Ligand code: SAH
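Presented below, as structure tokens, is a lone chain in the form predicted on its own.
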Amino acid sequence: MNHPIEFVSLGPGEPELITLKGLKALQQADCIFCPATTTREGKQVSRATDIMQALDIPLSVIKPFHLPMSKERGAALAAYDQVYEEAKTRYGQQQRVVIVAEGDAGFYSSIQYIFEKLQTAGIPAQRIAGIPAFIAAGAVANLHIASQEERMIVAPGTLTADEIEQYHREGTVVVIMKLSQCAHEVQQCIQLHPDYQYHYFENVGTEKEFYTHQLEELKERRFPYFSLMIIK
């Protein structure tokens, strides 16, 4: 009997933040597909591979696939299609196949595209839950993200300063993922509302982790791709 293809959530970056269930799936896998990107210097890098190596997962079972970092989705979808085809073949060979994602595989994760293709094809697939970056960020700052009856919205970097202001008036905690995509709007909000609490994070769970709630630091900072903000 074939084992379902598993989508394992690696957590935000710190290897020990993976779940025991996720780690067990990695240890039992015959093949693990994980995303990798290419730097401007042409070097292939993969945070997912780094996490798994720290967990003593052998490189022999890890199969990186190149994922272009671009808003144009054509090349990324082509890469996912290739992973889908190979995963389907290996599944037919009764191999235990794992596809990994940073954070949680069901939360702003583009590998959902592969998951849906497998479902359409009738191939069993299951997700193993993980810790999303904003939850890990709250722990870094000893921050109680939402209290009692507070509402919270988690949004990608498409919010405007006006929308952030509206949510704040409603008493809603705002979590912005992919912060670099709305850097101008966030900086505008900081200028207009210095009384808000801005909790800013970079590379949560890695050796490059950075956190500040100091407005002067935020006004001068350039937000990289792996950054998020919690506004209260």
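Heads up: residue numbers just count along the shown sequence, starting at 1. This is a predicted model, so every value here is computed, not measured.
The next section is about a form of this same protein that is not shown, the form predicted in complex with S-adenosyl-L-homocysteine.
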Hey, in the predicted complex, does F107 get a heavy atom within 4.5 angstroms of S-adenosyl-L-homocysteine? yes
Look up in the predicted complex whether L228 has a non-hydrogen atom within 4.5 angstroms of S-adenosyl-L-homocysteine, and give yes or no. yes
Heavy atoms within 4.5 Å of S-adenosyl-L-homocysteine in the predicted complex: does E202 have any? yes
Could you confirm whether C34 comes within 4.5 Å of S-adenosyl-L-homocysteine in the predicted complex, counting heavy atoms only? no
Given 58 to 66, 178 to 186, 25 to 33, 38 to 46, the stretch touching S-adenosyl-L-homocysteine in the predicted complex at heavy atoms within 4.5 Å is 178 to 186
Of the residues spanning 127 to 146, the ones with some heavy atom within 4.5 Å of S-adenosyl-L-homocysteine in the predicted complex are P132, A133
